[in-house]
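Encoded as structure tokens, the following chain is the form predicted alone, with no partner shown.
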């Protein structure tokens, strides 16, 4: 089947998907769409070889910023979402000054400490962050109509379409960045940092750039979440969610663009369909931990390696046999 027909079929399936689900499953679909952007943005950061534990807190920066801009200053919601991403990127640039004096394990611990400082600030100051209870009554996305379809954003289906368009556009930008010379330099900074530095590449500047871009898109995912649920608090962006993001990335694999997205989708389906149906939802951290350990032991390249093997096998089977040499 031609590729463009596959893409059209996939798009049609994504559009029709919420209409075959219950209300609660439609809500899960909205959260899954937002999490796809979160984990894809995290992968951009890992291209430079750095794994941060503050990515979920940075997502929270976008959520808090967008919520405050609408509540305190009356900024139009779509604009506040974009500004939430910009502010998250700026905070990442500020954090980069101390964090990129560290590498590897020290960067990991430093990013965790930086994220906890931001979370404690949200808890400490009731004005403007709402303290431990967070911010409630966040303005929703205003309803609008495009003629044949009216977007009512209290309905998860409408928000799924809205978030889907935003996330698809963001994924396209992330993909283009990775395929650009800047993305190739990110890879070089990861695998040949000394050689890249000797070639005139400012390694620290490129690490900062990757951190800022990834944080900007994480901030947009946080803004999408805030204006859907209508309330946010510091515990919504704690280390538990960060562990889930790490699990999605490790189980899916980070060698390809689709790897972390695949991990996010598979584990969400496992959690929301299998564990919930079995009444084992409370055991999700235990199950996720076991899956991460088993994945590292028996599938170190992640689920993406299975897809790559199947794709190569299919290509080999469909390739025409060479005619014997005369």
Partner chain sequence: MISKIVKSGLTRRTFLKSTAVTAMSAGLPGASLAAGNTIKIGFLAPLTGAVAAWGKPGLDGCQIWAARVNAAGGIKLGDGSYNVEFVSYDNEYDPAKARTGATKLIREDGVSFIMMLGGDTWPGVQPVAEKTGMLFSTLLPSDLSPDTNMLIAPAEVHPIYNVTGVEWLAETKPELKTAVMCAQDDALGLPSVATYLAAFEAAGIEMLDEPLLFDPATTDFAPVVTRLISKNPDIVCLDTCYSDYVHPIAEQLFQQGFKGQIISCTADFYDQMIAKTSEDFMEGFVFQFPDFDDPALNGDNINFTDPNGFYEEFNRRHPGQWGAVSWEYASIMDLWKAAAEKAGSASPDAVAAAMKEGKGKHAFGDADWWGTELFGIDNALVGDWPVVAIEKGKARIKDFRSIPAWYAKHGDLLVKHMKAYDQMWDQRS
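Bear in mind the structure is a predicted one, so any value in this text is a computation, not a measurement. Take the two forms, superpose them, and find the largest set of C-alpha atoms that agree within 1.5 Å; that set is the rigid core. Numbering follows the first chain given and starts at 1.
What comes next is about the form predicted together with its partner chain, which is not displayed.
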Considering its partner chain in the predicted complex, which of 188, 213, 171, 135 comes within 4.5 Å of it through any heavy atom? 135
Would you please decide whether residue 149 lies within 4.5 angstroms of its partner chain in the predicted complex, comparing each non-hydrogen atom pair? no
Residue 176, heavy atom within 4.5 angstroms of its partner chain in the predicted complex: no
Would you check, heavy atoms only and a 4.5 Å threshold, whether residue 256 touches its partner chain in the predicted complex? no
Given that the partner is absent here, does residue 233 sit within 4.5 Å of its partner chain in the predicted complex, heavy atoms only? yes
Candidate stretches 74-82, 204-212, 116-124, 188-196, one within 4.5 Å of its partner chain in the predicted complex by heavy atom: 116-124
If we check its partner chain in the predicted complex, which of the residues in 163-185 reach within 4.5 angstroms of it by a non-hydrogen atom? none
After the core is matched up, is the C-alpha of residue 49 off by 2 Å or more between the shown form and the other one? no
C-alpha of residue 283 moved at least 2 Å between the shown form and the other one on rigid core: yes
